[in-house]
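Only one chain comes next, encoded as structure tokens, the form predicted alone.
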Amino acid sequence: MAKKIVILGAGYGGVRAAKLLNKRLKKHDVEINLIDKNPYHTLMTELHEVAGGRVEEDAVKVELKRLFHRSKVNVIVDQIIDVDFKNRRLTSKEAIYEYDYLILNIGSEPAFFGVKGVQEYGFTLWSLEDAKNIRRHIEDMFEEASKTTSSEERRKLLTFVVAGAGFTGVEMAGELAEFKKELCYKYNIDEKEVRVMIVEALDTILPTLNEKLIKKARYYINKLNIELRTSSPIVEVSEDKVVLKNGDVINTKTLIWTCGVQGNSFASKLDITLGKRGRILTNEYMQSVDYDNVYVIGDITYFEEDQKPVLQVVETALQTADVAAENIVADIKGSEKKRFKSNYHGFMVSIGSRYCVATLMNKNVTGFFAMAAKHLVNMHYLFGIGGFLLIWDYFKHHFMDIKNNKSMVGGHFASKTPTFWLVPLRLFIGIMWLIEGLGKVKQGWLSPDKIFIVTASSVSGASQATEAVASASQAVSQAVPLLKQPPEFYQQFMHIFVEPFAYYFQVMVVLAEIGIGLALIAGLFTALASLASIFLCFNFILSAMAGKEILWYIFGAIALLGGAGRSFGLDYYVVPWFYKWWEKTFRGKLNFKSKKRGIYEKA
């Protein structure tokens, strides 16, 4: 009978565990169910970018159907209201899910520490919906400020307070400092009227980092004109003000609360032992101390190393997921279980779109290189769960689709030109390739008695080979070749792989040239035709059969890679159809067992 594994929550740890279990148990009779409140996985560490208007919401969510199509993992969108550990089942309003092994990845939630009014009047940044709400609210504040005639009301509307100077708070304030510039321009407001503040209860910021990086972060925060108030605990929040412990009052209609997290309150409703701050107590194998078949991963895990609880960061989620998944596999296979040992590679915090401070492998990195490392870490994670397509999506969202130059390289990748300007170039290169191909047909390239692309089998020796190549070059073009003779490695390649099948390769070259020409003229799969054009050109250059004129083909093909076939070409019709076919065939529409959009009962 198939073993049933249920993963509750598709956060960083849940997705990692599902991926690993699918890989390790491919040949075993198991059923893996991943249950989450959304049909997508959220990149929680990038929510500030959505809240601050740097990227759109699609940049921080990955559809689960893309990750688990054609795998053992069944994605279920449902709301779990209870877990019966003794009878091994989860219950929703409409269904019951039985399990042999359960992985709890229910995450954490903001902690408010009993501060009056925070939940009623403050914003949190702990979900995609939170980020979207903050973004809408900020724009609304600017719009209202542009219309009000009261200077006092205007000051309240244009004062934005971020509570907490940890990673999330500093990153959110950095985004606000950049976002205000474009909103001031949009609503004709003087930037000097806008206040962005960080209010922190401790006497320092970013306590996880060392003093040198903290100093760098402070400098850049000041450079962005962000007001920083440390040793200033908030004691009360109302609709239009924030009250500090020392009695100071900040008049504002915007408070973004990032002062810490605690275990998800759903855990407190379960029959399971909790550690500190509402987190579930586990042993070194990431098992609940109450149930051997229940594993706990991510932020909800409470496990101490050196008398300190493990950090609530992404690396903890991934590493606890690895341990939990491997131990379930070990239990099924009857092998030895793995103990958890944290191994943190560093911490990174961005301050706006162009600056970052980080500690990587115990080395301090700041500025451009730290920001580059942050992007690379994100892309490495995405590659691990979804391959190159997710990396391409990330690159598009963070570099090609950004507005107002809000990226580490400015707007250089985001500048766009209407593709209809490329139509004449596309037609020109297509016609030239077609002429080249038809010209070779007339020259006899389709005749097995005439071999142009390699030396004949009877030709031997370097001088004879060079002579034969020169002869072939003359047959192709009267231009002086860029290379006097093929490089040694290319001669070896031709001799071993091409020469035995010279005629067939020669026919392929002719058909490729004609095919590339027709494809470019028709505007059909233009990007692929352009890549083929570049590939063919380099082969001609290495064969010492092409002059400098061929460089026009290469650089022209590079220009055509940007979607030149979508204007007055068949790609206008074919590419959208192809995307739909790809989605249906290789990503598929998952058969969700429930359309409920929730996983935890609302507190």
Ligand SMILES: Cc1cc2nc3c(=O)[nH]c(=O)nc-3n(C[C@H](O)[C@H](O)[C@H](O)COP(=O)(O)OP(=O)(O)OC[C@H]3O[C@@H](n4cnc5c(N)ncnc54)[C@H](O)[C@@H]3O)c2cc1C
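Sequential numbering from 1, following the sequence displayed. Keep in mind that what you see is a predicted model, and the values were worked out from it rather than measured.
One more form of this protein, predicted together with the ligand, exists but is not displayed; see below.
- Thr45: heavy atom within 4.5 Å of the ligand in the predicted bound form? Contact with the ligand, yes.
- Message: in the predicted bound form, is there a heavy atom of the ligand that lies within 4.5 Å of any heavy atom of Lys374, even though the partner is absent here?
- Response: Although the ligand is absent here, Lys374 would touch it in the predicted bound form, with heavy atoms inside 4.5 Å.
- Given that the partner is absent here, does Ile5 sit within 4.5 Å of the ligand in the predicted bound form, heavy atoms only? No, Ile5 is distant from the partner.
- Query: At the 4.5 Å heavy atom threshold, is Glu200 in contact with the ligand in the predicted bound form?
  - Reply: Result no; Glu200 lies far from the ligand in the predicted bound form.
- Message: Only one of these stretches, 410 to 418, 430 to 438, 258 to 266, 498 to 506, has heavy atoms within 4.5 Å of the ligand in the predicted bound form; which one is it?
- Response: It is the stretch 258 to 266.
- Message: So the ligand isn't shown here. In the predicted bound form, which residue out of Ile453, Val365, Leu209, Val314 has a non-hydrogen atom within 4.5 Å of it?
- Response: By the 4.5 Å criterion, the partner-contacting residue is Val314.
- Message: Under a 4.5 angstroms heavy atom criterion, identify the one residue in Val161, Ile516, Ile351, Ile106 near the ligand in the predicted bound form.
- Response: By the 4.5 Å criterion, the partner-contacting residue is Ile106.
- Those residues of 125 to 141 which, in the predicted bound form, come within 4.5 Å of the ligand by heavy atom: Heavy-atom contacts to the ligand in the predicted bound form: Leu125, Trp126.
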